[in-house]
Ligand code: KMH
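Starting off, we have a lone chain in the form predicted on its own, written out as structure tokens.
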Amino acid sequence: MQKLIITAAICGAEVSKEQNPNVPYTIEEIGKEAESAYNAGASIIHLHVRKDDGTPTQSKERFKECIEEIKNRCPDVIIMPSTGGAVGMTNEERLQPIYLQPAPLMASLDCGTMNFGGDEIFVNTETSIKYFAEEMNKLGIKPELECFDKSHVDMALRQQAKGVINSPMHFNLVFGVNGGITATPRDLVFLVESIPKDSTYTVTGIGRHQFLVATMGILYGGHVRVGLEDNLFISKGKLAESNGQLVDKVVRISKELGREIASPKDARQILNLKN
């Protein structure tokens, strides 16, 4: 079985210090949290950025500052900017970080519209999905295909058949979002068996599902994403002290199950990244 690639989603756009005081906002805080995850065993940092007051932003300049801070602390880590941004942002806002120089090796690409609960609708039309993919192709960026349901996988496969998304594809299969697919073994197998055999995939469990989904993903041969963006707790009722603590728990589970942890160098080879 392949070594396990761990992605750390360190801050997201929605969670706040009111929910967990360890959620990073500032450039220094984001750097420290990325470093804690990297030191614990993460090869990839899935990066949203925030203003100092916690407001989510897709500012190219803010991404540049945060990436420089992370690279100063962990030079070989893979940084994957989010193009999801936050609910309500325009496509132009969301795409800003892919135009950094040098271009990132990877970036997230959401593959469908989602009900996030209440009145929040995260809109990703087919036209915008194609546009995002084509812009990433021009820059040699590998998209991580964010799929919250089976229809999102199908959308990615349709775009791949049209030559819009290149093979081999890499998916992030997300379980337990309000409005998305449930975090059950049945549904994890269903999504994994729906993607091409030559593709790679990461699994993400939201909230209390994080470590259940991680364990299933490890056993089934996938890779794993954890982090404060997705889950604020290390165990029931106990807030996580850092992203590193969440990554460390996955490392311990993986080692107990006999699976080695991938380094950033290993991750580049497994994901067929340019460098």
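Heads up: residue numbers just count along the shown sequence, starting at 1. As the structure is a prediction and not an experimental result, all values here were calculated from the model.
Beyond the structure shown, there is the form predicted in complex with the ligand, which is absent from this document and is the topic of what follows.
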{"item": "Candidate from Gly84, Pro104, Gly176, Gly112 lying within 4.5 Å of the ligand in the model of the complex - any heavy atom", "value": "Gly84"}
{"item": "Residue among Asp248, Glu69, Glu229, Glu35 with a heavy atom within 4.5 Å of the ligand in the model of the complex", "value": "Glu229"}
{"item": "Stretch from 95-103, 156-164, 75-83, 196-204 whose residues place a heavy atom within 4.5 Å of the ligand in the model of the complex", "value": "75-83"}
{"item": "Heavy atom of His48 within 4.5 Å of the ligand in the model of the complex", "value": "yes"}
{"item": "4.5 angstroms heavy atom contact with the ligand in the model of the complex for Ile261", "value": "no"}
{"item": "Partner contact for Val23 in the model of the complex: the ligand, 4.5 angstroms, heavy atom", "value": "no"}
{"item": "In the model of the complex, Asp266 touching the ligand (heavy atom, 4.5 Å)", "value": "no"}
{"item": "Residues in 1-39 close to the ligand in the model of the complex, defined by a heavy atom within 4.5 Å, in order", "value": "Ala13, Glu14"}
